[in-house]
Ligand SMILES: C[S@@+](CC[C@H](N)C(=O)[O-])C[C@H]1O[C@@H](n2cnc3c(N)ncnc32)[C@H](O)[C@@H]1O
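In structure tokens, the next block holds one chain alone, the form predicted on its own.
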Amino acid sequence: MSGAEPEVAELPSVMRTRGWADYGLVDSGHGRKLERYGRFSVVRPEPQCLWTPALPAARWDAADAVFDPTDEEDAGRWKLKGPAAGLGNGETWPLSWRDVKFHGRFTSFRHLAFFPEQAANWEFLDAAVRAAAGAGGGQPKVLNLFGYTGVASLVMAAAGAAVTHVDASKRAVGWARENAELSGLSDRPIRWITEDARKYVQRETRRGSTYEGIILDPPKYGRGPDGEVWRLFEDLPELTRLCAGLLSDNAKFLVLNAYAERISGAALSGLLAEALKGRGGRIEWGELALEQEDGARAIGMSFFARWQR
């Protein structure tokens, strides 16, 4: 450890995700967003889109898939037509970001089995892992908590990291393994762990394990495989402190991301600054945003704080 306090950025940053070959935010407005996911055009609710769409209604009406919400917890059902209507129950289609491939899925919670705004974080992780590996550190060990379908894990594995991927959902870990196979990364050093993130970190702390990088992307609320309950505001401080203790003396990054209306990048940066006392480095904080393909608007999607050394 350096002994110095982390330097915290005075002003927030907006990490913008712009479209790529297999994804784009086409238009937004009237509480919805029109996106493309590979060969499908998709309409999903987005309450913060308070403005008027730029494209005509006919363009929106031609979408292959429209999500119809049924409650306030993102649940609902998809209305599929055109090419999308031919998908059977659970059927997927391939998508990619750079060299990493993964499956798109019409899930029952409005998501399509990955979060496109996280591409801004993927860029950072790819560069950070490559820099760590290229600095003579060998194969950096990284921990991805609440790893979901594993796109971030695969980005880091492709960049040269030994990855431990943890998620409480057996189904999500199964999807992550499928994505690794699709990407041709099944032979990379990736440990797939189905477990409550807090329990896993507590056990790693007792073992004296360390990592060169950690990602924390927790939900607002969740349950572990044995009924453990996760509440963001109650449980995040302790988990962040425990994760800081797992960072090696040569650690390069800790990324914290949160989807919650009542939190902010400033709050997350304060949490990281406290947990990382004496480690030096710098903490950037702010918001992840999706930018429309025409550059006219951006939609804030989540908040982040990121420590790097």
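Numbers for residues come from their place in the sequence shown, where the first is 1. Note that this is a predicted model, so its numbers are computed, not measured.
The form predicted together with the ligand exists for this protein as well; it is not shown, and the discussion that follows is about that form.
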| item | value |
| --- | --- |
| Triplet Q118, S169 and R223 all within 4.5 Å of the ligand in the model of the complex via a heavy atom | yes |
| One residue of F124, W78, W230, W192 in contact with the ligand, assessed in the model of the complex (non-hydrogen atom, 4.5 angstroms) | W230 |
| F106, Y211, Y148, W97 - the one with a heavy atom within 4.5 Å of the ligand in the model of the complex | Y148 |
| Heavy atom contact within 4.5 Å of the ligand in the model of the complex, the stretch among 125-133, 78-86, 211-219, 178-186 | 211-219 |
| Close approach of D196 to the ligand in the model of the complex, 4.5 Å, heavy atom | yes |
